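Just one chain follows, in the form predicted on its own, and it is written as structure tokens.
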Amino acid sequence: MVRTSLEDVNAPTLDPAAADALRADLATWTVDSVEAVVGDRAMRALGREQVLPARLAARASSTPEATLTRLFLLGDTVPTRDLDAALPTATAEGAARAGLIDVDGDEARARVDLRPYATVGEGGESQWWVASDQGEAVTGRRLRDDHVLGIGGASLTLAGMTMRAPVGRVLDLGTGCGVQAMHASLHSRSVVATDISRRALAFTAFNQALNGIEGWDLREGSMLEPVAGEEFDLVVSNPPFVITPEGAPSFEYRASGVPGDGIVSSLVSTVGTVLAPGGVAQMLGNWEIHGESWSESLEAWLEASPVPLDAWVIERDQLDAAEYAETWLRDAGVTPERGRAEFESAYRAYLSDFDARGVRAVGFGMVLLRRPLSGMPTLRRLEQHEGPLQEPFGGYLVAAMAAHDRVASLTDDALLATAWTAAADVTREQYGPVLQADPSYILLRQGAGLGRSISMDTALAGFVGACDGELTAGQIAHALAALLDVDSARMIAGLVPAVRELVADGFLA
């Protein structure tokens, strides 16, 4: 159901019959077939938003997959007879009626970006096609203010970090072209997708119809307004978090119009009101850093929530004011080469705004919030991590949250009565001078998840080395105390908090 009028929004539309015809014609146009058409080198270039290598490769082929790739993915003009051959059921005329192409004589040119997309989940591989506005790399023009973004780095990051446990109701807040809703449809009973942009909702409705997905409820509105008073088991959001001062280029998909980091602040502080008990919210965001502590603002936002929440925030990157301005001006196509006056004016607007408000830097990362099933929150973790992440990261988060819940529920006695096992991805490293009998450093390193490493003393290294699932933590602690000639009570007092941390971080299972 669509709770808004989607007429006159300059976006493609499909009736059921046209959707069936187009879906049948696109069946062989997959991610793999695109790669087969253009080759590895061109695929890597596309990742850098360079389309020329792919165009040259695709023009050398006359297959239907090459025609579709040239037209919809690379913005090339193709003969209508070739498009009729590639879309034998829908035809070029049907694609024009749907708003996908313009026809000029015997040539067709795409009005939208349309591309195959694949994901692998517990149920196997899912193949979709996703329509959005064409990017600047294809058009060579500045994006329109109400540009509807397609599949990009941020949307892939959010999809990869989302926990895919089976759930009831999902809210995709700020759906854009509907990518997160597509993923959610694989592990939920129902999906509500909201956006302030009518064009975005129109693209979402088109993508839903094209892929034959049932049961989405599309609603127009800002933030949580369209779902006030409702509860969800999962909320996912890639909000328009880009900080955009007056005088800088602004696009609906990335800038909310709220000053500073207010859109992320509001969402972190209020999303708990629409979470069901046990419900989880996962989002990306920027946050301004004013003092020495990068997490000070986030702590305040969490405290402002009327619903107490478990919280896990991972800052992935941090840019100073100048770096931030350069990043998002380049993303908007505002560069010195294209117009030095416009670039310097927008750059100055960023620096003036940040300096006036005392913004030292801007952080970017991921936020996981959870409403406890009962009682008070037990998790408040705000950390920085710039290294690689296990993909898909959502599976690690599922396991990590389960590990946290388990260890949080155990008394010290229960913890000591458990036989723990070192996780399969954990390795031990020792460092020290060659002629020194004992190592100077002993590190425990994790291969999955966040790839954490921790420094251990002799006692903790001995404990982990004995965790093979046979002896309980208490038995190992007493044996270590005797071996190292340490009082057992003192050994246990030191090991218990360390073991809790090792379990919560996934080093012990």
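These numbers were taken from a predicted model, which means no experiment stands behind them. Throughout, we count residues from 1 along the sequence that is shown.
Below: the form predicted together with a small molecule, not depicted.
Shown here without its partner, the chain carries 149, 200 and 222, all of which come within 4.5 Å of the small molecule in the model of the complex through at least one heavy atom. Interface residue remark: residue 175 is counted as part of the site for the small molecule in the model of the complex, having a heavy atom within 4.5 Å. A residue is said to contact a partner when one of its heavy atoms sits within 4.5 Å of a partner heavy atom; residue 252 meets this definition for the small molecule in the model of the complex. Proximity of residue 282 to the small molecule in the model of the complex falls outside the 4.5 Å heavy atom cutoff.
When the small molecule is considered in the model of the complex, residue 155 lines it closely, a heavy atom lying within 4.5 Å. Contact with the small molecule in the model of the complex, judged by any heavy atom within 4.5 Å, is made by just one of 244, 162, 208, 180: 180. Among 135, 372, 260, 239, the residue placing a heavy atom within 4.5 Å of the small molecule in the model of the complex is 239. None of 337-345, 386-394, 88-96, 191-199 except one has non-hydrogen atoms within 4.5 angstroms of the small molecule in the model of the complex; the exception is 191-199.
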